[in-house]
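A single chain, nothing else alongside it, follows as structure tokens in the form predicted alone.
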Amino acid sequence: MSSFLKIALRNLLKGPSTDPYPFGETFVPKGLRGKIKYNAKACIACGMCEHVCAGGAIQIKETADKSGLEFIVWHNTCAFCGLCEHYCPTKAIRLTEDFHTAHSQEDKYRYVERGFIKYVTCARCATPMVPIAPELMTLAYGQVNKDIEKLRHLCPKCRQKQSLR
């Protein structure tokens, strides 16, 4: 009986062994796959994230006024599998450690991450195009010199013509 009292007293002095969540901070394991964070400046709109999304949570579509592309992630549909992050060539998508997904019922269709990629015009022919992210140029060419930097501002057709010169 005295050993039981010792253990009970020790545990009582130690305090609670559970986290106070949701009323306080809790432990987040390193590498937890939480909500998506999207960087529109690094996105090249290749659509790979939309293609590999297991839950169909990602959509990239042209805006109604045709001024650019809209990137949408529905957090309620996301399976947090991380395929979008893995296959994104420029790392425009990152999974954060934010696992908080509680929201009210009326917010279920607004619980999204949005991004906007504004079209730029080709420096030579003025065709609207998706801007080429510096991350892609670094990935493709390694060191980016002035000649390669000029290609960044050209549409694919003009870029092809310039490369053949």
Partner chain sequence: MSTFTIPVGPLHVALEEPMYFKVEVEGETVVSLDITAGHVHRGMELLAMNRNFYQNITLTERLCSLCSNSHPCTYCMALEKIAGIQVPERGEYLRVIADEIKRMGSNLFNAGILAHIIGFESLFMHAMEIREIVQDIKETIYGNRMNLAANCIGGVRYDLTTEKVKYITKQLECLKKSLDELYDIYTKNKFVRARTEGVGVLPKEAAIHYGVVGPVARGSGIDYDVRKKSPYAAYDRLKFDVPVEEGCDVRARVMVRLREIFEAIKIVEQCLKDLPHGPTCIDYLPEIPAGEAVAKSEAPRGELIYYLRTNGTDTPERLKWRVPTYMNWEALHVMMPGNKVSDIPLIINSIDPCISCTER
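Positions refer to the first chain, counted from 1. Between two forms, the rigid core is the largest collection of C-alphas that superpose within 1.5 Å. Because the structure is a prediction, the values reported are computed rather than measured.
This next part talks about the form predicted in complex with its partner chain, which is not shown.
**Student:** I'd like to know whether residue 72 contacts its partner chain in the model of the complex, with contact meaning heavy atoms within 4.5 angstroms.
**Tutor:** Judged by the heavy-atom cut-off of 4.5 Å, residue 72 is well away from its partner chain in the model of the complex.
**Student:** Quick one: does residue 7 come within 4.5 Å of its partner chain in the model of the complex, counting heavy atoms only?
**Tutor:** Because a heavy atom of residue 7 falls inside 4.5 Å of its partner chain in the model of the complex, the answer is yes.
**Student:** Heavy atoms within 4.5 Å of its partner chain in the model of the complex: does residue 94 have any?
**Tutor:** Close contact is absent here: in the model of the complex, residue 94 is far from its partner chain, nothing within 4.5 Å, heavy atoms only.
**Student:** Does any part of residue 109 reach within 4.5 Å of its partner chain in the model of the complex? Heavy atoms only, please.
**Tutor:** Because no heavy atom of residue 109 falls inside 4.5 Å of its partner chain in the model of the complex, the answer is no.
**Student:** Quick check for you: of 27 to 35, 59 to 67, 128 to 136, 109 to 117, which stretch puts a non-hydrogen atom within 4.5 Å of its partner chain in the model of the complex?
**Tutor:** Within 4.5 Å of the partner lies stretch 27 to 35.
**Student:** Are 141, 148 and 164 jointly within 4.5 Å of its partner chain in the model of the complex, each by at least one heavy atom?
**Tutor:** No, none of 141, 148 and 164 comes within 4.5 Å of its partner chain in the model of the complex.
**Student:** Going through 9 to 28 from first to last, which residues have a non-hydrogen atom within 4.5 Å of its partner chain in the model of the complex?
**Tutor:** 10, 11, 14, 17, 27, in sequence order.
**Student:** For residue 16, state whether the C-alpha moves by 2 Å or more between the shown form and the other one after rigid core superposition.
**Tutor:** Moves: yes, 2 Å or greater.
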